[in-house]
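Here's a solo chain for you in structure tokens, the form predicted alone.
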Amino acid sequence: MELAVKNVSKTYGNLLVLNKINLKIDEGQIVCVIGPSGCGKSTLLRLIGGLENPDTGSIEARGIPPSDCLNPLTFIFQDFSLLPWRTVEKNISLVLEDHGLSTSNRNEIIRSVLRRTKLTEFSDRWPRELSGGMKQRVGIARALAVNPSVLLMDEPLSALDSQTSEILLVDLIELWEKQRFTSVYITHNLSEAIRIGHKIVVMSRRPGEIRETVNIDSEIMDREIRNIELEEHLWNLLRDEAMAAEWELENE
């Protein structure tokens, strides 16, 4: 499934948050969105996922989800959102319980995502017994359980320490290599965007507009040190915008 964002704007009261956004997310592509604080990155993700409606413009999903897709658009947030009274296995089971699946089918899906996310030996653990990285791994497993056509990720690694973030980033890349999902990935981390993205969308400070779109041609697993040059280019685009955005937010 591919997505097309056409001339989308969003206003809250008198505040214009997003202005005339045009963006195409191709099937099997990870599109990273970066920009200064308050530029509307998360708002854009909520609009794409149907949690809110744009004031103007449209968002189109093109293509037919696979027959075993239970939820075409699925979110992964930074705050894990696990139910503390459910084990790892039961947290994953939650998203499958209203789809009329047989018990054997549901258990098969759970076993599969536990294996893919390296959680099999933790299936009976409670959230309080898990580290932040393991909790986010459960969040990823829960999202994969519904076999989404599009994963919408809102800074999924930002609440984690750098070592754990690196481990999960590599795991996400390996998951994509095995199952070429489509994704919109919001992040503040430039090197993270370069590592995982096929396309990087650079947004201006509020009102958020697309300042530049950078395409990365190489396969995710084949990228090397040359990406330092791209990171410098992205930071040059963002530096003044980020400083101005911080000043504006502090003085609101």
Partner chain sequence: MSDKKNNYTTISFRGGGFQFKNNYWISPTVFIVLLLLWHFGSTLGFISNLVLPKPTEVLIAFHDLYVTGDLYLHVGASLKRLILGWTLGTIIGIIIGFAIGLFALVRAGLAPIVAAIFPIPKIALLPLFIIWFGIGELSKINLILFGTLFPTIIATYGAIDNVDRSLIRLGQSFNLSWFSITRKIVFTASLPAILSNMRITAAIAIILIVAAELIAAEKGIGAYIQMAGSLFAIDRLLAGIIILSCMGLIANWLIGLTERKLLKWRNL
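Positions refer to the first chain, counted from 1. Only a predicted model underlies this, so the values are computations on that prediction, with no experimental measurement involved.
There is also a form predicted in complex with the partner chain; it is not shown, and the following applies to it.
Participant: If the criterion is a non-hydrogen atom within 4.5 angstroms, does every one of L23, D26 and L44 touch the partner chain in the predicted bound form?
Facilitator: No: none of L23, D26 and L44 comes within 4.5 Å of the partner chain in the predicted bound form.
Participant: Considering non-hydrogen atoms and a 4.5 Å limit, does the partner chain approach S81 in the predicted bound form?
Facilitator: Residue-level check for S81: yes, a contact with the partner chain.
Participant: Any chance E52 has a heavy atom within 4.5 Å of the partner chain in the predicted bound form?
Facilitator: So E52 counts as contacting the partner chain.
Participant: Within a 4.5 Å heavy atom cut-off, is F122 in contact with the partner chain in the predicted bound form?
Facilitator: The answer is no: F122 has no heavy atom within 4.5 Å of the partner chain.
Participant: Whether M134 contacts the partner chain in the predicted bound form should be assessed with a 4.5 Å heavy atom distance threshold; does it?
Facilitator: Heavy-atom contact with the partner chain at 4.5 Å: absent for M134.
Participant: Would you point out which of 170-178, 82-90, 157-165, 114-122 contains residues with a non-hydrogen atom within 4.5 Å of the partner chain in the predicted bound form?
Facilitator: Comparing against the partner chain in the predicted bound form, the contact stretch is 82-90.
Participant: Within 4.5 Å of the partner chain in the predicted bound form, which residues of 141-171 have a heavy atom? Give them in sequence order, or say none.
Facilitator: Read in sequence order, the residues that approach the partner chain (within 4.5 Å, in the predicted bound form) are R142, A143, V146.
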